[in-house]
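Below sits a lone chain in structure tokens, taken as the form predicted on its own.
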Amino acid sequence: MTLSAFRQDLRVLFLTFEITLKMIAVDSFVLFGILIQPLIIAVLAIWMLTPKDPTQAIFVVIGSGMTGLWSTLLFIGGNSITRERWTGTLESLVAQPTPLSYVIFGKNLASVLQSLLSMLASYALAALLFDLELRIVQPLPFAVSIVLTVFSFVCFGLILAPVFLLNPAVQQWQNAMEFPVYILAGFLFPIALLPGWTTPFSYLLAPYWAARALHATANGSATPQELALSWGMMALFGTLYLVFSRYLLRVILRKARADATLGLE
């Protein structure tokens, strides 16, 4: 790939990001997923936990915000391909010189960045409604964790896109795919409360390491060794997701072209 071609691909990525951000900013379904749903989760969890242990408030706020991140990535990342198929533009996207993975990356990046609003909204609600003093004890490591979280989530979403592209029926299972990740990633409670046989599944999920880093830096319990492990695993899994998704996407697109089924439901 030449430098000019790479610049052109990046231009497509950022244009996709900009257009997608403008579209989902006024989408009522997306706004519910990143604002209303996480707030409901935060209110219920804080109401149940804080009378027993007020220090759990920041844990709940971070966790409820991460549910918004995962929900929007699951629905927007998957439905973006379905929407292109419905509108008849998927064939044009596949036929363009820029690889489809750049387009999907731009879409996922827009949805994940907008979903960070859910964390801010949960923070504000907890502080105002429950009169809680919430603060990030380790702000700089927390900021680094946020950046790596965005990267790992976007790359995780790239794995979903080829699956939705191959079989549109997977969309019917989206709601069922939400809560297993909530649970296994430890968004709202430690995975130590789960049966021991589920732990390896958690370790294979980048969202688990993201939740671990954000929770630890928020409450100030993160050690340099723990941060290095969580950041390293997010970077590692994000890179693996990125590489594998590009390979998987090429295989699926090759098959779809051979079978002439790209635009079929």
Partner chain sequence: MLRTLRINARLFLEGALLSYVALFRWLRPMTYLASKIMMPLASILFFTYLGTYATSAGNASFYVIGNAIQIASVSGIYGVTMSIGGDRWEGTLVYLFGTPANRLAMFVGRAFFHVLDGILGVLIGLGWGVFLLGLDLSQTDFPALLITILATTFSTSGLGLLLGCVSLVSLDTMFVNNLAYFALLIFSGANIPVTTLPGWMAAISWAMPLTRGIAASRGLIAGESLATVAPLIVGEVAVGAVYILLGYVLFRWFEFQARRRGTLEAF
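Here the structure is a predicted model, which is why all the values come from computation and not from measurement. Numbering follows the first chain given and starts at 1.
As for the form predicted in complex with its partner chain, it is not shown, yet the points below apply to it.
Participant: Just one of 158 to 166, 108 to 116, 172 to 180, 142 to 150 has heavy atoms within 4.5 Å of its partner chain in the model of the complex; which?
Facilitator: In the other structure, the partner sits against 172 to 180.
Participant: Might Phe237 be said to contact its partner chain in the model of the complex, defining contact as any heavy atom within 4.5 Å?
Facilitator: Looking in the model of the complex, residue contacts with its partner chain do not include Phe237, since no heavy atom lies within 4.5 Å.
Participant: Though only this chain appears here, would Ser221 touch its partner chain in the model of the complex if you measure heavy atom gaps against 4.5 Å?
Facilitator: No, Ser221 sits far enough from its partner chain in the model of the complex that none of its heavy atoms falls within 4.5 Å.
Participant: Does any heavy atom of Ser202 come within 4.5 Å of a heavy atom of its partner chain in the model of the complex?
Facilitator: Contact check for Ser202: no, nothing within 4.5 Å of its partner chain in the model of the complex.
Participant: Is Ser28 part of the interface with its partner chain in the model of the complex - any heavy atom within 4.5 Å?
Facilitator: Residue-level check for Ser28: yes, a contact with its partner chain.
Participant: Residue by residue through 191 to 226, tell me which have a non-hydrogen atom within 4.5 angstroms of its partner chain in the model of the complex.
Facilitator: Sequence-ordered list: Leu193, Leu194, Pro195.
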